[in-house]
Structure formats: C-alpha cells, structure tokens
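Only one chain is given next, in structure tokens, and it is the form predicted alone.
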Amino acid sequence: MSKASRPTLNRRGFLKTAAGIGLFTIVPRHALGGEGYTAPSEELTKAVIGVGGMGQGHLTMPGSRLLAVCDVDRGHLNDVLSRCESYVKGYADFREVLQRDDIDIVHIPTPPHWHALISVAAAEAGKDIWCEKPMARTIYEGQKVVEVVQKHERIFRLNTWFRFQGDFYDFGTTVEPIKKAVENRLFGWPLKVTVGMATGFTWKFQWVGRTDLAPQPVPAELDYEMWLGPAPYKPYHPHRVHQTFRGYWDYDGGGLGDMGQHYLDPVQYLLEKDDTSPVEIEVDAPQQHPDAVGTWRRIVMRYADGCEIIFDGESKADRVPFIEGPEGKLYKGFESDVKGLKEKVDALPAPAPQITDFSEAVRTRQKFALNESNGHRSCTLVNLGTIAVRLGRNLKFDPVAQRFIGDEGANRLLQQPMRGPWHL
C-alpha cells in the first residue's frame, strides 16, 4: 500500500475487552519482559479478515478470543456478526483492524491476491499471522512476506496441516510414517513422487474461468473496488468473486492454486526440500486464456539432486506409485513392495519434533511447523507450476536467486504489477 494510505500502526498496549462487557487490563508482554515475553494470564485475541467462505470456519481458535471480523461484502459481514458475541466488532477495511492494539493474531482467509499485502501490513503492525493457502499469488510476494515477518519477529502460520497432522488423503495414515521411511532411505534415493488421482489426489479441475463474462452491475453490498484491491481492474461479474474467483489468473491459479499447497507441502517436507526449489519445470498443457485459468495435463519438477515431483492432471493409469525410488515403491493405502515396510517403519525413531499448536508458537515465540520460510518454498512449487502452465513452455529456475534462467518472459511473472495505491 502507499505510504499515504498506510495508517500509523502502534505496538499493542494493554489488553482490554471491548466496551459493554466490563473492562479489565493485563500488563502487556513488552512492559514485563521484552518482545518475546508472554504474561501467564494473557489471553490471545484474534481478528479474521475475510469471512465469506473459509473465514467462517475459523472464527474460533483454541486458546484465543475473537474480537473483530472484516469483509468488503456487507452481506457476509452482517451474517457473521449476527452469530458472534456482541463485543465482536465488524470492519470493511482491514487497515482499521490492524490499528487495534488489543489484537494479537490476524487470520487471513481472503482471496490469494490479498494474502501477501495483508500479511506484510499485519507484521508491520506487530500482529502474528495465520494465513490461508496459497501463501502468496507470486514468488516475489512470498519473498516479501518472509522478509517482513522475520524483520518484525512475527509468528506466521500457513493453514495447511498435512505435513504434521490428519490422514494424508488416501493413505490411511498421517505423513509421519512416510517421512520416517523416506528419511531412512527405505526406498533409496533420489525419489520420484507422483501427485494425481491415481495416488489419491484430485486437482479440483472445476476451478476454471469463463471467457464469456459480460459486465454486470455491482451488488450494493459489495465494495468491488476494495475486493479487487491490487488486482487489475476488470468489469464486475459474479463469477469473478467469492466462491469462483479461483478461475482467474488475477486472483489465483485454478485447482493448482486451490489445492496445490495442500498436496505439495507434505511432499516438499518428505523430500527434505524446505530450503530450496526445483531447477527444471516441464509442462504439458493446452494453451491458456490470458484471463481465465484452464486445465493442464502434466507438470514435472526436477531438483538438483535428481528428485522429481510429477503433477498428474490426467491420471489415466489406475495404479501408480506415490513414491518410487531405486529400492522400492509406496502406493496409496500405505501399500509397498518393500518387504516388511510397516514393521521397519514402526521400529524407526520419530522425525524431528515440530511446534504444531499455533497458540503455543505465539506464546513461546517459536516457529510454527509450517511457517513463512518453508511455506514460501511450497507455495513456490504452486507458482512455478502456474507460470509454466500460463506460458506453455519448459523452464529452468535458480532456487537461490529465485529467478528463471534465460527467460525474461517467465521472470516478468515473478513480480506482477499491483494496481495503485497498493504495493509491497
């Protein structure tokens, strides 16, 4: 955002309840023991920015109390406020939320073209951040989130959790036993990982855009100008916003943007690639429309050590290994041709511990399991894929410089212009 439009944002002071439910004060962490101190009695407070869809499912968070909700659609905002406690205040502009000194955590379930801007502004305002996936719409935006979150020593969580909890799609298990098998090289090395319907993953191909959108009047309850924000101006049509925005390059990347980080972040973790990116991207996709996202058939990403991730869009084969290495294969349902795999895995030590409770991470000032750094790298997988699909050509990537090699057309998609007054 421009300096002129950016509000003056103060560090959080005494924690107070909203007017109308009684008033109490707690000595703030910065007054008692420095930036990282948390008073034992302090209650974490949160705000949710964007309550049209995913935000409605995250109004509560263990160990915290909701104080504010924000949305550019008055219909969404009023609906949520009608179900909240009376002290929860509603806002149409996220910058007003960030000015409040009594909010610790900001949850950002907006469309992805807002994720980086609000994450950066929240970090500058001294808030900790829970951001929906994909973490950022471009690789540059992800880099800026990492830079600013770390500069301001904020705690950041990306809201995909399969690397550390929950059944991993069709595997009937969490990721942990797969991680144990991989890091102990039970399948050998390097590995090829196939993510597609045959291995238990769908890409939500219904998230495609339309090319026949005739301009329509903007609904009275929607601030469409603010909904667009940094995105290029396009005439309003209901298919551009709310539940179907993922079908347009300006806001997301179709099914790959929607589900990619859910699928690919655990793979990155399994392959020990949390601090790097692929060096080659191969793509097989129909020519894409400049506005509306289409489908793709296959994307292959190759790392410098020979490991590969295959994004399978067609999934023509019925049985494909999820993991394939020189010493064996793993299929969905945790089936394997490695003799005694389950018994071998059970005997192995657990992977390195992770902080998987966000409230604990905020209170102890320790990095969350999926944070700004490894989250940026798994979001980069999504963005590398969408860039290759949009351009329809193979690419070479420098994971250190985070730029394409010998392709300035691809590099122009690393950092796309934002519509004024918004900028990072």
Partner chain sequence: MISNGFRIRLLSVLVACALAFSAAAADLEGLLKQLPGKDYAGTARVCEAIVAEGADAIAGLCARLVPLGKGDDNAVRYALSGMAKHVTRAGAANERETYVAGLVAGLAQQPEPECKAFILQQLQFAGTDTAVTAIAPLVNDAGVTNEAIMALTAIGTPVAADALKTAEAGAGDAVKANIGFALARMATSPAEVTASSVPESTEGVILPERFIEARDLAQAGKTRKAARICKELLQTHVPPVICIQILDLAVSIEGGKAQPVLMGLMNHHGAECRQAALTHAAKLLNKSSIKKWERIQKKAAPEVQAEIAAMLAGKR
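On a predicted model such as this, the values are computed, not experimentally measured, just so you know. Positions refer to the first chain, counted from 1.
There is another form of the same protein, the form predicted together with its partner chain; it is not shown, and what comes next is about it.
Of 349-357, 262-270, 287-295, 194-202, which is the one stretch near its partner chain in the predicted bound form, taking non-hydrogen atoms within 4.5 angstroms as near? Result of the contact check: 287-295.
query = Given that the partner is absent here, does Phe171 sit within 4.5 Å of its partner chain in the predicted bound form, heavy atoms only?
reply = No - in the predicted bound form, heavy atoms of Phe171 and its partner chain never come within 4.5 Å of each other.
Please tell me whether any heavy atom belonging to Leu391 falls inside 4.5 Å of a heavy atom of its partner chain, as the geometry stands in the predicted bound form.
Contact with its partner chain, yes.
_Just checking whether Val148 would be counted as a contact of its partner chain in the predicted bound form - the rule being heavy atoms within 4.5 angstroms._
Residue-level check for Val148: no, no contact with its partner chain.
Is Lys234 a contact residue for its partner chain in the predicted bound form, using a 4.5 Å heavy atom cut-off?
Result yes; Lys234 sits at the interface with its partner chain in the predicted bound form.
Next item on the list: Please state whether all three residues Glu308, Ala317 and Gly333 have a non-hydrogen atom within 4.5 angstroms of its partner chain in the predicted bound form.
Entry: Contact check failed for every one of Glu308, Ala317 and Gly333.
Inset, instruction - Any residue of 395-424 with a heavy atom within 4.5 Å of its partner chain in the predicted bound form counts; write them all down in order. - result: In sequence order, Asp398, Pro399, Val400, Ala401, Arg403, Gly406, Asp407, Glu408, Gly409, Asn411, Arg412, Leu413, Gln415, Gln416, Pro417, Met418, Arg419, Gly420, Pro421, His423 come within 4.5 Å of the partner.
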